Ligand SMILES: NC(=O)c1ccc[n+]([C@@H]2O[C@H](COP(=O)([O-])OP(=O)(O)OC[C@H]3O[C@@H](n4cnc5c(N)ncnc54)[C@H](OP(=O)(O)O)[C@@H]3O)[C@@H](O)[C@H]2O)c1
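Next up: just one chain, as structure tokens, the form predicted alone.
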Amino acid sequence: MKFILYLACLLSMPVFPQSVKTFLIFGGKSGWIGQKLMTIVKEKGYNAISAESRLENRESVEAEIKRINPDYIVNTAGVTGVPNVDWCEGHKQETIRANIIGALTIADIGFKHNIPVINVGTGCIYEYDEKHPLHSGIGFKESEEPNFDGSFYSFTKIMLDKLLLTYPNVLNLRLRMPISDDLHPRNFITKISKYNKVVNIPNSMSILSDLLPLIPEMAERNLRGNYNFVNPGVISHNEILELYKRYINPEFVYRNFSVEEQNQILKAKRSNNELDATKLLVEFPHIPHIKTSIIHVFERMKTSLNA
């Protein structure tokens, strides 16, 4: 009888869930990708806190991290330049302060306090070469030496990429030409639709609705090091703009010019490459090919615009 009463007592006791893990997101307050990630993290049932401190101030960054004591830190902050990376050519000190010193500050403080750090970086540190020819399908692997420093922005990202490898607590995600389901000014689709002329070169790109939701799981899996954070395959500017005409604006007209002609009107060169997504696909084999996923992006965009 006592055993039955004891068992009944146990069964009636409330079951408390495990503590919810917290992500502290730098760039979550005003950054395009940071804000999207804040929403995703919350939707997945985690705590998401937008960092208030600025990367340039190590003391305030460390004080905030110590106060919140997050399970994971994500850095989506940094400088790409407005309206584009040409801005970095004339603001080199500001670019270094944000893209190297600030990002390393977060990695270093995370290491000091034994907190995993996820850095949202860039894959614009390579360009097609003899070993990775255009249209070959041979992409750059994470282990290969970066070969593009034609812009100061990419130069700083190469330095950061190398330095972050010295921190065993860091996962570095190499994003490229990010694409979203809306016509936000930072969306790669929106950007090229505003250009007078575009180059017609296939590139690796990142569809955010496919990739950003993977970040919390990558954190939970304790993944580390560099990952090419792109959809498998490549797609050209012309292919994207043809879809833009089909789904968004049938009257849209675009023109092409060569890379040499593009370089004449820009302060800095642009990276064009294919990144090998094999390492990411081993962890997440369901990530769709870029040419499949981009169709769904435009379908959702059209539905949203017509709503």
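Each residue number is its position in the shown sequence, starting from 1. Everything numeric in this text was worked out from a predicted model, so none of it was measured.
One more form of this protein exists, namely the form predicted together with the named molecule; it is left out here, but the text below deals with it.
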{"query": "Non-hydrogen atom within 4.5 angstroms of the named molecule in the predicted complex for each of E89, F148 and A268", "finding": "no"}
{"query": "Answer option from R186, R221, K141, H113, heavy atom within 4.5 Å of the named molecule in the predicted complex", "finding": "R186"}
{"query": "Selected contact from E43, E56, E242, E261, since only one has a non-hydrogen atom within 4.5 angstroms of the named molecule in the predicted complex", "finding": "E56"}
{"query": "Distance check, Y247 to the named molecule in the predicted complex, heavy atom within 4.5 Å", "finding": "no"}
{"query": "Contact of S193 with the named molecule in the predicted complex (heavy atom, 4.5 Å)", "finding": "no"}
{"query": "Close approach of V230 to the named molecule in the predicted complex, 4.5 Å, heavy atom", "finding": "no"}
{"query": "A48 within 4.5 Å of the named molecule in the predicted complex, heavy atoms", "finding": "no"}
{"query": "Per-stretch contact check against the named molecule in the predicted complex, the hit in 230 to 238, 131 to 139, 193 to 201, 149 to 157 (non-hydrogen atom, 4.5 angstroms)", "finding": "149 to 157"}
{"query": "Residues within 4.5 Å of the named molecule in the predicted complex, restricted to 85 to 100 and counted by heavy atom", "finding": "A98"}
